[in-house]
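Have a look below at one chain only, the form predicted alone, in structure tokens format.
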């Protein structure tokens, strides 16, 4: 297979940047994992708080690169027309790459805002807004100039528009701590449990249409149901972050009910994926892309849905809040819901951009299973740490540092599985960057 539209090739540098930053994120994850066991590792060059900051920020940056690259690849096929401006796409690619790299390097020299997850200095935040506005403009004009408007392209656009709008709250920093945290979640929660889910659902729908050959109308009906559930549960579900920060008590009721049903959109994605694959009209030659696509639905359900539900009710969250239970949920949720869908898009799109048939896929399939099983085991290790931490620290009232000494074994397990995850990633990156000539060329 080859690209249907020449401008789809602009997605390629986005995927390359995403993969490089993904590797850097995992590297810093290993550094932080080591510091959980040997706190003085690389101190004072990279103290724990800076390493963790870089690890999380790299995650966000590489995922957005992956989302943008995915959008630039699928839009021409969805709207049946070329990207409005390839030059603009390349311009904001370089601006975003330079700005993101500047922010990450700046953290090493203590140049940051200090606000968790939104540590970017104000000038970097402004640059991010400019870049995203350029992308949204290019995306909007591509849709408007196209020969058709599809549900997938519209939902994808709404997702990116929401990403831009909610990021504006990063500039709002009230002095009152409760008010600050209240609106802080409007960025953090409404990104990852709101508009990012729309982006994921649109990418999942596109991939399922392409790899199964199912009727588009069927896929878009599923997509609309998922979007409806996301809006219904995700927005009011923000309340599960308001339990203990000084907000009115009614948020415990609203947050509990709507958080409990936040699992529904992810359950719908699993049902959607298996239903479409079982009814597929053809067997797509890119078996790895099929595996990544179905894996995204299943792993997001486990990480974001099941592990999220495990400690989202206030009666449970009272004990688990701020423990390693949160880290367990966060690792598998981000990997399953967002990392895997970007990897699925790259697996599907890159061979087409290169104009080669994805015939030699043992390495990539090995990478999928190695990375995915490792991440599940990382999450289980952190769940074990969280359970012991809750019992010792929150119930028996043993001091924090003493509690940490009892759960070092779980940190060692997490580090080991982090190493096996890295092996899978190295294999994936080798396969990703393998020159096209080393694979069987497409006949067309």
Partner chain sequence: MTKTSVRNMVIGATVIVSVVFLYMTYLSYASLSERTNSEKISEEVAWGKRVWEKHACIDCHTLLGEGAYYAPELGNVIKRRGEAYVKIVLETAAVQGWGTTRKMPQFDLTEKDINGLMEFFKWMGEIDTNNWPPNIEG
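Positions refer to the first chain, counted from 1. Keep in mind that this is a model prediction, so the values were computed, not measured.
Same protein, other form: the form predicted in complex with the partner chain, not shown, and the subject of what follows.
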Look up in the predicted bound form whether residue 102 has a non-hydrogen atom within 4.5 angstroms of the partner chain, and give yes or no. no
Any chance residue 247 has a heavy atom within 4.5 Å of the partner chain in the predicted bound form? yes
May I ask you to state whether residue 35 is within 4.5 Å of the partner chain in the predicted bound form, using heavy atom distances? yes
Non-hydrogen atom contact residue 115 with the partner chain in the predicted bound form at 4.5 angstroms: yes
Looking at 62-70, 371-379, 396-404, 22-30, which lies within 4.5 angstroms of the partner chain in the predicted bound form, counting heavy atoms? 396-404
Consider the chain as shown here, without its partner, and state which of 232, 187, 164, 310 has a heavy atom within 4.5 Å of the partner chain in the predicted bound form. 232
Note: exactly one of 256, 97, 236, 291 sits with a heavy atom within 4.5 Å of the partner chain in the predicted bound form, namely 236
Is it true that 49, 183 and 318 each have at least one non-hydrogen atom within 4.5 Å of the partner chain in the predicted bound form? yes
Pull the contact list for 138-165: residues with a heavy atom within 4.5 Å of the partner chain in the predicted bound form, in sequence order. none
